[in-house]
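Shown next as structure tokens: one chain only, the form predicted alone.
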Amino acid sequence: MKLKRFLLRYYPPGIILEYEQGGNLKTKSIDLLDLKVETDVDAVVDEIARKEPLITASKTEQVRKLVQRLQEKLAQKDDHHFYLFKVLRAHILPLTNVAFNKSGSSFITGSYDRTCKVWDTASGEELHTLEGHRNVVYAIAFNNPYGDKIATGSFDKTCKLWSSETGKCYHTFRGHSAEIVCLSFNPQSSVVATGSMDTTAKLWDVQTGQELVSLSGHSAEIISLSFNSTGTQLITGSFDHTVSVWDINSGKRIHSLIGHKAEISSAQFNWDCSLIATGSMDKTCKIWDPPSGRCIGTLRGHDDEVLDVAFDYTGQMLLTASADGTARCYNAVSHNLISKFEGHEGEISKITFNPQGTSVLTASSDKTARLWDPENGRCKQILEGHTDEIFSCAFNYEGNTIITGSKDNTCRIWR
């Protein structure tokens, strides 16, 4: 094994090692999820050198500099005030979803007009219209961090794979017998997973366009799916009140997470895959232990359905958003309530942390999106201007640009 170079990863903090083994270029990551501004750098470097054979004595100085750079990034103050940058009337018919590429230089919109459009964020110019679906384009995603491909899932029961650079369609994935409502690329961008109203999820080969495996076992539609950060497992959330954990290589179900008393709205792994969080229409969020499939905590307190859940990048904080118009931030390990976000006048359908974990963004049916301080629940800013329900919101990787999508048929870019 020969170390070729280091790559720095700011969110979550880590160092990627690129090395050669048997003539092949490989990567492995050293996660520094507990790194703080005040952490003793020497102790961190010693620990890395002790555990990682690729880090020899001659490399420790370089590692020290990288850890210091990560600390400098953590020390940066987050007092960004967002201003409306652009309003884009994206489609004639209603929008279904919006998503950024990693840098936020471009974004995509799905619509009832059967297309997905690719936009340049800075100019607001339409780069491509991805045409070919025969029904609503509902689920959309970039293959981040690469951003050279886009997947679109449609009510026409197919998923299409496109070039984000040229707008060319590479593949049409056919096999589902009902609408596709969720999809995701694996982190390596070699597989697309689709979830459907036909109760199955399917895995597709990005290169060949072939179906790799069909994941059957749910008894109602699958409305949420996500990969773990290594791409070895997939979780699917269903209207059958359960979440399934699947092994990607074998296509076998590892666990069925049973305990919710109503439909699942959202299911997520945290970064190091040590926890799974699930939100449900039963007004609770549950935390699960992935190796055993056991429920290790139930977060109660909302008066209505939990519509979204999200971890911060380090996987130590957990957010819940509810139809009761409030959101909450919990310690993901102790399950203690850290803060409540109160102020919206309608249900909150979407919630997310910024990459730094210092701000929380919520989207609501009250036509506003809001930024909150996770430490104390204070509302930092209200993003106003949409004239109808906001159903989608997202940060770019640096956390300095926000996109909001609304039923008023516009996207707003805030920066």
Partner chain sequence: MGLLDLIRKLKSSQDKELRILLLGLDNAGKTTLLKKLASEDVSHITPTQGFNIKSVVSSGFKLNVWDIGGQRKIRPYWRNYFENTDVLIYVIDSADQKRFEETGLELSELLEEPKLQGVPLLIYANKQDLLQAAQASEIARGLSLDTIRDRKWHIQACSAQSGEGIKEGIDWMSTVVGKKK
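The structure presented is a predicted model; accordingly, all values stated were derived computationally and were not measured. Residue numbers count along the first chain shown, from 1.
Just so you know, the form predicted in complex with its partner chain exists too; it's not on screen, but the next bit is about it.
- Just to confirm, S359 within 4.5 Å of its partner chain in the predicted bound form by heavy atoms? Output for S359 is no: heavy atoms all beyond 4.5 Å of its partner chain.
- Task: Please run the contact check for F391 against its partner chain in the predicted bound form: heavy atoms, 4.5 angstroms, yes or no?
- Result: Heavy-atom contact with its partner chain at 4.5 Å: present for F391.
- Item | Partner proximity in the predicted bound form: L299 to its partner chain, non-hydrogen atom cutoff 4.5 Å | Outside the cut-off, so no.
- Query: Is R9 one of the residues lying within 4.5 Å of its partner chain in the predicted bound form, judged by heavy atom distances?
  - Reply: No, R9 stays farther than 4.5 Å from its partner chain in the predicted bound form.
- Item | The single option of C295, V87, A122, M281 touching its partner chain in the predicted bound form, heavy atom within 4.5 Å | For this set of options, the contacting one is M281.
- Identify which of W271, Y170, F82, Y112 has a heavy atom within 4.5 Å of its partner chain in the predicted bound form; exactly one of them does. Flagged contact: Y112.
- Are all three residues V136, L307 and K350 in contact with its partner chain in the predicted bound form, where contact means a non-hydrogen atom within 4.5 Å? Affirmative, all three are within 4.5 Å.
- Message: I need the one stretch from 100-108, 207-215, 341-349, 70-78 whose residues put non-hydrogen atoms within 4.5 angstroms of its partner chain in the predicted bound form.
- Response: Looking at the partner contacts, the answer comes out as 341-349.
- Message: Just to make sure I understand: among 216-234, which residues lie within 4.5 Å of its partner chain in the predicted bound form, judging by heavy atoms?
- Response: Residues within 4.5 Å: E221, I223.
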